[in-house]
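Read the single chain below, which is given as structure tokens and is the form predicted on its own.
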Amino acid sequence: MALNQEFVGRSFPPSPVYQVGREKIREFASAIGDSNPVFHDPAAAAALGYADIIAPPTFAIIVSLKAVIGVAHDPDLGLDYSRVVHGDQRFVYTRPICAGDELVTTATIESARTVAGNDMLSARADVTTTAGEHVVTTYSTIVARAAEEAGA
């Protein structure tokens, strides 16, 4: 089934507020094996001019993923999420995510197309502070693999 083209260009309501916690940043940095002191030690972050520790660049996926996944699960979109694989991810930052930030995410469908029987959905997630300051925009592409041919 082809993806519903009426979703292209549609933005969805902002996510609930995500309170960025110092321990969440530390846990994420440890999970990805990054011991950079700026991700763990407030004094190291302060020495670089930050109010608190900052998050590794890929931490933005935690903040933005729920908004994008919610869009992908909308039954009117026509995406078979059971066949989805991650295709691409990138981040464009205005400034680092910092412990103490209160962030909201607005997801927008950038494109929906079918290539070689595979449905491809590209989404943008704009992450801002509750005061409206832009922090990061994430771009992701997910692919719903084509159903296998019967007997193939």
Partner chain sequence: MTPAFADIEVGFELPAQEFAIMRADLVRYCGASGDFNVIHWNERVATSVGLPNVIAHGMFTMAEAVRVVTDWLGDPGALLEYGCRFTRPVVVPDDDQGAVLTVTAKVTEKREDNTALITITASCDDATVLGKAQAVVRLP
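Note that the structure is predicted; figures quoted are calculated from it, not measured. Positions refer to the first chain, counted from 1.
Separately, the form predicted in complex with its partner chain exists; it is not shown, and the next lines address it.
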Inset, instruction - May I ask whether Asp74, Thr108 and Thr128 each come within 4.5 Å of its partner chain in the model of the complex, counting any non-hydrogen atom? - result: no
Inset, instruction - Classify Lys24 as contacting or not contacting its partner chain in the model of the complex by the rule of any non-hydrogen atom within 4.5 angstroms, answering yes or no. - result: yes
Inset, instruction - Using a 4.5 Å heavy atom cut-off, state whether Asp34 contacts its partner chain in the model of the complex. - result: yes
Inset, instruction - With heavy atoms only and a cut-off of 4.5 Å, decide whether Gln89 touches its partner chain in the model of the complex. - result: yes
Inset, instruction - Consider Val38 of the chain shown here, and say whether it contacts its partner chain in the model of the complex, taking contact as heavy atoms within 4.5 Å. - result: yes
Inset, instruction - Any residue of 110-133 with a heavy atom within 4.5 Å of its partner chain in the model of the complex counts; write them all down in order. - result: none
